[in-house]
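First come two forms of one protein chain, each written alone as structure tokens, so that there is a structure 1 and a structure 2.
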Structure 1
Amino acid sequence: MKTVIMGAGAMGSLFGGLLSLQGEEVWLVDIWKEHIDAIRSEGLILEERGKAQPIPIHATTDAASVGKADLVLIFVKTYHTEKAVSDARVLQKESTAFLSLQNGLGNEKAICKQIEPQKVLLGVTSHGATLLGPGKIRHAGWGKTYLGELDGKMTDRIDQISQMFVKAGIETEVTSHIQDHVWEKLFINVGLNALAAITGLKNGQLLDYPETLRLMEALVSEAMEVAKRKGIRIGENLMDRVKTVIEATRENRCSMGQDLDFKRRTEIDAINGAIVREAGALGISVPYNQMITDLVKVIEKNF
């Protein structure tokens, strides 16, 4: 399956590298020329469990040079989705599938503005990766990946993609309820990211102070209310599951924290900002999510 990855940062390179190691034809597309040049000359350097290996892989800054794709994997930050999808339109043939494994809410809508919805698939992954420099990434976290059709149907194409991922060592499950999984990850990001980012804390420290614990629970509770009103299925003990993930990643500085530390734009609009938007459409008030979204936005404006 010819796979083209739009956004060859930490996660795009990770998935691309793992698929390429299994002999799949993979093309990495990224606008960052220095990174692409490094991959073309030295291979993609994948550091895993303390060992680094170079992976030969196609890489380009120009999607138009790749030809047609069977699968386009969208792995840019959420605020770059529309531009990346616009660049990826040249890759389309009748049977091309577009899959987003990005965090947050709104990716599906952004993709479907330019691509017919029946070509669009959604997923969510618990893998983690870090970009170390041009051409070099670290595989930093392992977990399950869920894939689903937007209409919940079980199709041959999604099975094929899942099998390709599994063969590459990416534990994958196809689900008929992909939105539930997107929200499950969103709850964690809603409670953790912005709060850790603006307090300067590591993930686990949010559980150590009554103040941050209370704020975290308030952010997640508001998101739960929105999700319930939207018909999202929330399993038992959601708050405990969120805390378990935060505890399991205790020593990490979350990605939004790193973004603020390095004065980079964050994905706040797709996380707490998305809760504010969804709540607004339902006529619900979510003051904690509104406040934290506003705070992060003001910090970004002052970079």
Structure 2
Amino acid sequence: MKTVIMGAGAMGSLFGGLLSLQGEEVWLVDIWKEHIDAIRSEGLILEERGKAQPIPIHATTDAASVGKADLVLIFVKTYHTEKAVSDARVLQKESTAFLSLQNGLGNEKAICKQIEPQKVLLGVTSHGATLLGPGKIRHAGWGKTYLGELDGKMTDRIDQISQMFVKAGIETEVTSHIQDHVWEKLFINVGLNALAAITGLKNGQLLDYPETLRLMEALVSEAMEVAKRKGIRIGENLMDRVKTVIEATRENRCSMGQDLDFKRRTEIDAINGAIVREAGALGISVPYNQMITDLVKVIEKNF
């Protein structure tokens, strides 16, 4: 299966590297020329459990040079989705599938503005990765990946993609309720990303201080209330599951933290900001999520 990854940041490079190691034809597409040049000359350097290895993988800044794809993975920041999909339209043939594995809410809606909905798939992953520099990433957290069709049907193509991921060492499950998993991932990001980003902590360190633990629980509790009002299914012991994922990625610096470290725009609008918007539509108050959204936006304005 010829796979093209739009957005070769930490996570896009991680999935590309793992798939490439299993002999899959993978292309990384990104606008960061220095990163692409490093991968083309030295391979993608993947650091995992203290060991580093170079992975030969195709990489380019020009999606049009790749040819047609069987699968397009969307790994760009949420605010770059529409531009990335516009660039990726040249890759599609009749059977091409577009799969979002991005953070936050609403990515599939942005993709469906340009791609036929029946070609669009949605997924979430609990893996963590850190971009160390041009051409270098660290695999910093392991977890499950969920994939699903937008209409909830179980299809051959989603099974084929899942099997490809599993062969690459990416624990994957196909689900008929992908939106429930999107929200569960959102709960993790709501409690983790902005809080770790602002404090400068690694993921697991949030669990080490009573102050950050209280803030994390407050942020997630507000998000859970919004989800319940929207009819999203929430399993038992959700707060424990959030903490388990954070512990499993203890040594990772979350994506929003990496963004603030390098003075880049964050995905706050698709995470805590999404909770604020959804709560506003429901007429309920989410003061902790409003506060942390405002704080991140102020930091961004001072870059």
Ligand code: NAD
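Here, a residue number simply tells you its place in the sequence of structure 1, counted from 1. Predicted model, so just to flag it, every value in this text is computed and none were measured. Take the two forms, superpose them, and find the largest set of C-alpha atoms that agree within 1.5 Å; that set is the rigid core. Residues that one form lacks are left out of the comparison.
(request) Assuming the other structure does not fit, state which one is the form predicted in complex with this ligand. (result) That would be structure 1, which is the form predicted in complex with this ligand.
(request) Superpose the two forms on their rigid core, then report whether the C-alpha of residue 151 is displaced by 2 angstroms or more between structure 1 and structure 2. (result) No, residue 151 moves less than 2 Å.
(request) Could you tell me whether the Cα atom of residue 240 shifts by at least 2 Å between structure 1 and structure 2 after core superposition? (result) Yes, shifts by 2 Å or more.
(request) Quick one: report the rotation angle of the small rigid part relative to the large one between structure 1 and structure 2, in degrees. (result) Smaller part versus larger part, rotation angle: 16 degrees.
(request) After aligning on the rigid core, report the distance the C-alpha of residue 207 travels between structure 1 and structure 2, in angstrom. (result) Once the two forms are fitted on their core, the shift reads 6.2 Å.
(message) I need the CA movement of residue 191 between structure 1 and structure 2 once the rigid core is aligned, reported in Å.
(response) A shift of 3.1 Å.
(request) After the core superposition, state the residue ranges of at least 3 consecutive residues in which each CA shifts by 2 Å or more between structure 1 and structure 2. (result) Runs moving 2 Å or more: 190-231, 237-263, 275-299, 301-303.
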